[in-house]
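There is one chain below, alone, in structure tokens, taken in the form predicted alone.
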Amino acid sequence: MNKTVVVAFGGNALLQAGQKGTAREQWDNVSRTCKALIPLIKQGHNIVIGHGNGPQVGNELLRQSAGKERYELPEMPMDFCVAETQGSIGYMIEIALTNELRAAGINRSVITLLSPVIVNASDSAFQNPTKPVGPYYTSKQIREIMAFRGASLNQKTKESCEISEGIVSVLTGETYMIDAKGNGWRKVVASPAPQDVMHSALIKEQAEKGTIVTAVGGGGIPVVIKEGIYKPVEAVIDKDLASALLGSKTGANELYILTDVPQAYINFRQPNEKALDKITAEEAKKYLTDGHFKEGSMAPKIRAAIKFVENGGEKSVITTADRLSDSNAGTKIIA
């Protein structure tokens, strides 16, 4: 039986730092990442792809806001925007990967499945938003946002917002935090833990037939179950945790989390920085507890990698897309 491998595309697979997010930029980035998948596909593995959507869904929310202010169009909620970006990004992956498969002489189909992901309505994340979405802002822009919100609400900026320890909370409920990589400020929203993936059995079936399936895009469309009914909620699910869960649900052997650094590090960017090659889940937990991995950056990737191997996966690998063909590359986490 062929191995099943889940590959979680990082944000830089879709949008590089400093880019505006034009269609051309995203096509180029997706094509480059899909090309890097070919060596893995040539090994005959069943492939399932997950991906992020932070910049895209953030931009979509900005379009919604601008449409309301300029044309009085109704704003669509977060789940709607996640579904839209799942479709558009999945479409790009389908076309780009199909082109790369044809160029490599590989006859396999690629499909995208819109994926609702079930979360717990009582998850504490709803009271503690941490998931970054949308564009980066400078400190000056953040203060302009504070001033705008203050003026529109009660004319008193200091009473409507507070800024301390890298966090800005706006009276409307919006929260902004300094990015862990030092790129600026970003809006953060609730990020509840994924509990189940709708259609996971269908995804497993298609993958085992050789179809390359893109699913749980952006972490999935967040829904809760109330009185037996699926209902959408305002949240963004971490795409790495959702990919790890989907890997467990589909019986995947390996999870690859693609990011913009070749490996995970302890003492990152310090004089005693150390790259991690192969570690156990217990070692990863200790490093996580000791604060070596930042929230909004490497920490959720490490958590996802741990969950995957603890739920039966053989290994998780954290690396860059261009190193997928190197079996020695990346940080490998095993049980």
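All values reported here derive from a predicted model rather than from experimental measurement. Note that residue numbering begins at 1 and tracks the sequence as displayed.
Beyond what is shown, the protein has a form predicted in complex with a small molecule; the following relates to that form.
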{"item": "Partner-contacting position among A215, V82, L258, A244 - heavy atom within 4.5 Å of the small molecule in the predicted complex", "value": "L258"}
{"item": "Listed residue (T175, S200, Q263, S248) with a non-hydrogen atom within 4.5 angstroms of the small molecule in the predicted complex", "value": "Q263"}
{"item": "Contact test in the predicted complex: K294 vs the small molecule, heavy atoms, 4.5 Å", "value": "yes"}
{"item": "The small molecule contact in the predicted complex: R70, any heavy atom under 4.5 Å", "value": "no"}
{"item": "T320, heavy atom within 4.5 angstroms of the small molecule in the predicted complex", "value": "no"}
{"item": "Distance check, V309 to the small molecule in the predicted complex, heavy atom within 4.5 Å", "value": "no"}
{"item": "Option from 36-44, 62-70, 22-30, 264-272 whose residues, in the predicted complex, bring a heavy atom within 4.5 Å of the small molecule", "value": "264-272"}
